[in-house]
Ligand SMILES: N[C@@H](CCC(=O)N[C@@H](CS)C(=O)NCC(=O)O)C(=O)O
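Encoded as C-alpha cells, the following chain is the form predicted on its own, with no partner shown.
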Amino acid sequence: MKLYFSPYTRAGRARWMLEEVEAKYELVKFSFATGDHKKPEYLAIHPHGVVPALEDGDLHLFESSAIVMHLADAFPDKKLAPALGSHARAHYYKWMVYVPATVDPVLETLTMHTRLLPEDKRNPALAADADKKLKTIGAVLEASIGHKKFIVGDSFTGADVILGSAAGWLGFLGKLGDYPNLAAYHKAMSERPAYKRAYAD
C-alpha cells in the first residue's frame, strides 16, 4: 500500500488507520508549497490534488472516511468495524458520514479564518457563523460520547479514528476544553500506540 500524505491534514486519519491494522505501507509525503499535488501523475490518483489518497494494488482511493472503511474491511481480523446488518454497524456509518459532512466543514472554516489565512483575507462573519454552528455540533458530540470509551459499541472501531481526529482538530483550535467528555475521549485516543505512530511527525 502507498499513502499520499501531508502533516496536519485529514491524511492523518488514513495513516492512523493503517497503523491500527498494522499494514505495511509506503508513506509519500507531499509539500503543497512545491506543487507536487498538482502534477498530472498525482491528479490521476486524486483529481482534486489534495490528500489523503491510498494506493492498494490497482485500487486508487481518496476521502479519509472511505479509506478508513476500506481498511477496516480489508483487515477483518482486526475487528475495526461492527458486524454487517447490526445496529452498531448503522451507527458506525453514521459517524463516518457525520464527521466529514457536518463537523469538518465547520472546523475548516474556523481554521482558515482564524489561523491560516493572512489577516487581511480572513472573514470575521464566516468565522462567527462557524463558531455558532460549532456550539451545536459540539453539544451533539459531547452528549453522544458521554462517558463511553468508544463512540460505537464497546470496542475501538474506524469510527473512533474519524471522530478522534476531529476531536484533535478541536484541540488545535483551542475549543476542546469546552467539551470535557470529548476531551477525555480524545486523551484516551491519543494514548493509543497507533495514534502516536501516526502523528509522530
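Numbers follow the displayed sequence, beginning with 1. Keep in mind the model is a prediction, meaning the values are calculated, not measured.
The form predicted in complex with the named molecule is left out here; the points below concern that form.
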Find out whether any non-hydrogen atom of Lys38 is located within 4.5 angstroms of the named molecule in the model of the complex, and reply yes or no. yes
How about Arg192 - does it come within 4.5 Å of the named molecule in the model of the complex, if we only consider non-hydrogen atoms? no
Is Val152 near the named molecule? Define near as a heavy atom within 4.5 Å, in the model of the complex. no
4.5 angstroms heavy atom contact with the named molecule in the model of the complex for Pro52: yes
For the interface check, one of 152 to 160, 172 to 180, 60 to 68, 134 to 142 should have non-hydrogen atoms within 4.5 Å of the named molecule in the model of the complex; which one? 60 to 68
Across 2 to 16, the residues having a non-hydrogen atom within 4.5 Å of the named molecule in the model of the complex turn out to be Thr9, Arg10, Arg13
